[in-house]
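Shown below, as structure tokens, is a lone chain in the form predicted alone; questions about how it binds or moves come after it.
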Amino acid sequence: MENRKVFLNEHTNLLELEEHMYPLVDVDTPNVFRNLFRYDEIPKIAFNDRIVPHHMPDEIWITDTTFRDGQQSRAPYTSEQIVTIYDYLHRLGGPNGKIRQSEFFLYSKKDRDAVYRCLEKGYEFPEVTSWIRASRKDFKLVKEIGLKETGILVSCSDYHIFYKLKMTRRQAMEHYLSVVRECMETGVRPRCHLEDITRSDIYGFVIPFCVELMKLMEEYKMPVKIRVCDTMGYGVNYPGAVIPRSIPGIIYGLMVHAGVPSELIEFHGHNDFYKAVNNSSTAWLYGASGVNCSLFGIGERTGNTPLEAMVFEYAQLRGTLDGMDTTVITELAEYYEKEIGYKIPPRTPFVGKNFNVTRAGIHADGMLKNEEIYNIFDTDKFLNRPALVSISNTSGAAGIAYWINAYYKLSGDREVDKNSELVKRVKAVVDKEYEDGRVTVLTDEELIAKIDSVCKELHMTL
């Protein structure tokens, strides 16, 4: 105790005692946490009520994996599509570069061509980075292309070390460190992807490994990033949950016990248990500067953390968008639907066609009186998506009135009331359709035709 250093934490302005060092715990048999992860049972979330403090970094940002992890679960993008999406990401990130990086494969000529075309744009953000195999040949390729950083896979759970790599922990650590050293020898910054960290021995392998990475950083005077990969989506954000499932616990351990600074910690989540967004926000709150995302959450199995979700999480946590242009999100959604042919589920937040559309008549009545009652924020301002009402048998007169005012952009004295003759007659026509057995929602084209017909009968125009 008496030999441990006392120092001032500049983030909390409190004196702290230097933490114990954690040596590698080499084991003869793998620790796969069968008490938590019995394969024939649903995984367990256990608690020990050890609470770690919030530690929001001075600056936080988003990184993108649309062209890497996002491309592993779908048909490959064309070079033209990659360049177009990259342009959108640049605009979305804004002048402050809140979308900091985008990572690319380099395996094929098509991939490399897209990288060259993106580099030609000359954008500072998102910085073009790569994802490669851990080989000197691939490191040289990264260097030749002109990239300054690359991702390297360093699987860290005993599931991977023992069962996939057929190594011991010490053999795995020594192999990984040699690969990272080779990368740094070529002058390329390594980004270490700690695969399957939420099933790993945090203090027996992850922390000792990251301590050694920090030593390499000091030796080469070159940053080494740590990507916290919740590969299977097991991470949880609950205070007091035990590691390795605790995202707060993992981030705390990396910062305090391994000495990794916030700006070098990045969280990469998967959505297998519907927790990708919550876990990403939690990583920010407890000390990670970066969260790694994919557009619309497209990724392996259940997908990655949706990038557009974290844009709005950023705004909620920081109280500002810091220059991000959220209207680009709608443009991206339209591009994916019309040009790429990807169908976004209609109830997807922010981008689905129904995300700010109401069908219930009582809700429509509230929106007719004040849009704020049933719309999450000014979606017209931030997404070029005005709140809408979908007309069905439950919409009522209020829904029809709201639809007419929204579609024809009627305001002030020109607005129609739910008690107007126009609305009454259109409602009668709609009600008749459902009385006759209709079960589907009316399309915009159908409503326009019915409204035009009634307007002619009433000798009025909108």
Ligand SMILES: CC(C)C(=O)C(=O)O
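Fair warning: this is a prediction, and the values are worked out from it, not measured in the lab. In this text, residue numbers run from 1 along the sequence as written.
Absent from the display: the form predicted in complex with the ligand. The rest refers to it.
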Although the partner isn't part of this model, could you tell me whether residue 270 comes within 4.5 Å of the ligand in the model of the complex, counting any heavy atom of the residue?
yes
Can residue 229 be called a contact residue for the ligand in the model of the complex at 4.5 Å between heavy atoms?
yes
Is there a heavy atom of residue 184 no more than 4.5 Å from a heavy atom of the ligand in the model of the complex?
no
Would you please decide whether residue 145 lies within 4.5 angstroms of the ligand in the model of the complex, comparing each non-hydrogen atom pair?
no
Testing 257-265, 217-225, 73-81, 188-196 against the ligand in the model of the complex with a 4.5 Å heavy atom criterion leaves exactly one stretch, namely 188-196
Interface check vs the ligand in the model of the complex: of 153, 321, 387, 141, the one with a heavy atom inside 4.5 Å is 153
Heavy atom within 4.5 Å of the ligand in the model of the complex: which of 350, 286, 234, 131?
131
At a 4.5 angstroms cut-off on non-hydrogen atoms, which residues of 64-99 are near the ligand in the model of the complex? List them in order.
68, 69
